[in-house]
Every structure is written in structure tokens, then in C-alpha cells.
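Only one chain is given next, in C-alpha cells, and it is the form predicted on its own.
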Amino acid sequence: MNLKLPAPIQRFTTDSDAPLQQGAYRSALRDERLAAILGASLGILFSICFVTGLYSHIQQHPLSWLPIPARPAGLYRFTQGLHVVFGIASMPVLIAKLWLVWPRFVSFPVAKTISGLVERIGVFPLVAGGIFMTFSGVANIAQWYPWRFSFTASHYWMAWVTMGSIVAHVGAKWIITRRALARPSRRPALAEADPVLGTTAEAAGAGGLSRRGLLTTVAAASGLLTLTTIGQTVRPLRRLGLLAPRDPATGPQGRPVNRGAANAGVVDLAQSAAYRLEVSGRVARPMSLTLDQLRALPSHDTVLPIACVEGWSYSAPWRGVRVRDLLAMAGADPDRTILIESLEPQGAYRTSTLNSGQAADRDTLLALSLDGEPLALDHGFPCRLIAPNRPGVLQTKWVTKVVVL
């Protein structure tokens, strides 16, 4: 008996001279120049995210040979805002790029040459890394962790893998990409340039979304996602922040927090009459101050931002005691690194360090008030660190020790 397969299936199984997916994935949008534009856009977005993410990592894991300066005061707020904004904006671009080229991943034969096989294998970490970085980044913004591994470590190392793959891919495709970007699209460009995708003149002439329309749609989607999330840090746009996980005007004292006193396990310790602020370590005169004594010291007012790694931030007026004044009272060497310790019994960020430049800055405070009012318990009462150009996780709350190292 001679069974005849339907035409679409027959193309998959009997056409030995054509790739596996020919006839199944035809589209006028699968164009070499369009793929190059999306790829270049994605490379720029990922590169900005990589540089700003690396800066954030160095902030949280200081290098002794590369001290972070205290100025500009809002630098971290700016760089981390860029990191989150460009990461979110890359999502539609990544989806469009994957849709455009994914037939390559199901084509058969896998490769006709060794170089083709190496290129095919090299694309895997690029695709997997791009998907992982965007998914995990968005999950972190929402503080949703459906995994058991460390987000910080995995996001950091996968960023290196992804960027290495991008560099290798750009090197392999540089001539093709430059040629594609230098000329207008042809119809059917991808069929002529790369028969692996099997696009034909028939498909290229079909109706539907144009190439320019696709680019416009992707750009609009990126802009919409940005507009509906950036309100968590750009206060005038807060009403548009429909997808923003934080409202910059909601929280204790009208300011958001990530981690409250109850979650940190410091409610009783922070409100205890036995609370003391200790200044110790390499000092000539160790000190142990009650809250009233701390409040009696000369105070300083400043306006500084709290900028969290999730991308939300706000600027606020703070009042407190300068760290450099405390160190001078204790007779500390001004060139020392300072350890700030919280009342928290445990946690990855219960301590933080200040390099000598940060400790000596005029606006680095042990803050006692926010917006002209005593600190709320969730904002770090009885006192917290507030310093320029630092991630929010390093603005240690519920401070009990200042140790000169």
C-alpha cells in the first residue's frame, strides 16, 4: 500500500535536499538585515546591563585594590536604574530575536562543516544565558525566587558566560552583520543569504506585519515595559508604574523598605534601654554611647538617595552624626577601613564596610532621623548608616558597632 503524506509533513520527511523546517517556518520577517538589527540592539542592551551589573557587584563585594569613591553621590542610583531599565527593555528584543532565528535550532542536518557545528554549539550558551539573565533579573526585581541557588552568584557568573558568548558570536558574524546593516533589506533576503531557513519568494511576498512594523512593535513594547516600571524610582511617573513592584511613596514614613525589623529579628534589641553604639577596634579611645548621648552629639543634615539593587530608589533628607566625627572623637586613623555592624543576629548583609574615602565623606552619617522625624523601626531605629554612592543593602540598619579595622 502506498500512503501519501500530507504536503506539510511530506516536506519534513521526504525533501532530502532541503532543511528539515523548509515550508514550515516561512516568513518575510526572517530577514538577514532585520536579524542583524535586533542582534545589534540586544548586544548594546546586554553590554550596558553587564557593565552596570559589574559595578553593582564590585560595590557589594569590594576589591582592596579598587576602592569605590563616595562621589558622585547618586552614581549608584543612576547605574542601577540603567541596569534594571535596560534589562526590562531587552525582553521584547530578545523574544523577537529568538523568534526570528529559532528555525536554525531545529534545522537538519545540524551542520555540514566542523565550523558550522562549532558555531551551532556556541550559540547555545548565548541563548540560554540571555534567557536566564532576563528571567532571573525580573524575578529578583519582584523578589520572587523559585530556585534554591544564590541569585547573586549565579547572575554574576552567568553574565560573564553570556557576554563571552556575545563576543564570540560577534566575532563569527562580524562580516555578515556589517554587510547586512550596510544595505537595505531585499526580498527575500534571508532565503538568498541563508538557505538554512528555507524562506522563499512566495513567503516573502505574503501579507502581514512588515519588517519595519516588527521593529516598531518591539520598540513600543520595550518602551511600554519601561514606562510601567520606572515609576518605582522616577516619582513623577509613579502613577504609570502599573508593573512596578515598589511604590516610592508607600511604606513606613512614606518610604518603601525591603526588610523590616520583624523579619530581621531586631524588634526587642532595637527598642531596648540597654542599646549602645560602640566605637572600637584600632582606636585610641573606645566609646560606648547610649541613644541619648548619640543624639546629643553635633548633627549634620543631608539629602541622599536609597538605591536598591531591584531598581527602586528615592532621595530623602537625613539627619545624624557624621562617621568621621565619631572616628575623630575615638582617635582613629583616618586612613582605616571601617566595619559597620547591625543588631541583626544573622544575614548576608548584617555588616558592611566603608573605605577611608567613604568614611571621611562629609555626608556619611549614622542617621537618627528621616524627613525630620525619628527613624521608624523598619528604617533602622535607633540609627542607621546612610552614605553617598552605595547600594541600599550596604546602608546598614540598626547599627550597634563601628569597628576600625
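The numbering used is simple: start at 1 and walk along the sequence shown. None of the values given here were measured: they were computed from a predicted structure.
A second form of this protein, the form predicted in complex with a small molecule, is not displayed here; the remarks below concern that form.
Heavy atoms within 4.5 Å of the small molecule in the predicted bound form are found in one stretch of 72 to 80, 236 to 244, 312 to 320, 170 to 178, which is 312 to 320. A heavy atom within 4.5 Å of the small molecule in the predicted bound form is found for one listed residue only; from V93, M133, I306, A332, this is I306. Taking P103, G129, G87, P256 one by one, only a single residue has any non-hydrogen atom within 4.5 Å of the small molecule in the predicted bound form, and it is P256. Within 4.5 Å of any heavy atom of the small molecule in the predicted bound form lies no heavy atom of D363. Using a 4.5 angstroms threshold between heavy atoms, G392 counts as touching the small molecule in the predicted bound form.
Residue contact check for S342: one or more of its heavy atoms lie within 4.5 Å of the small molecule in the predicted bound form. Remark: H379 counts among the residues lining the small molecule in the predicted bound form, judged by a heavy atom distance of 4.5 Å or less.
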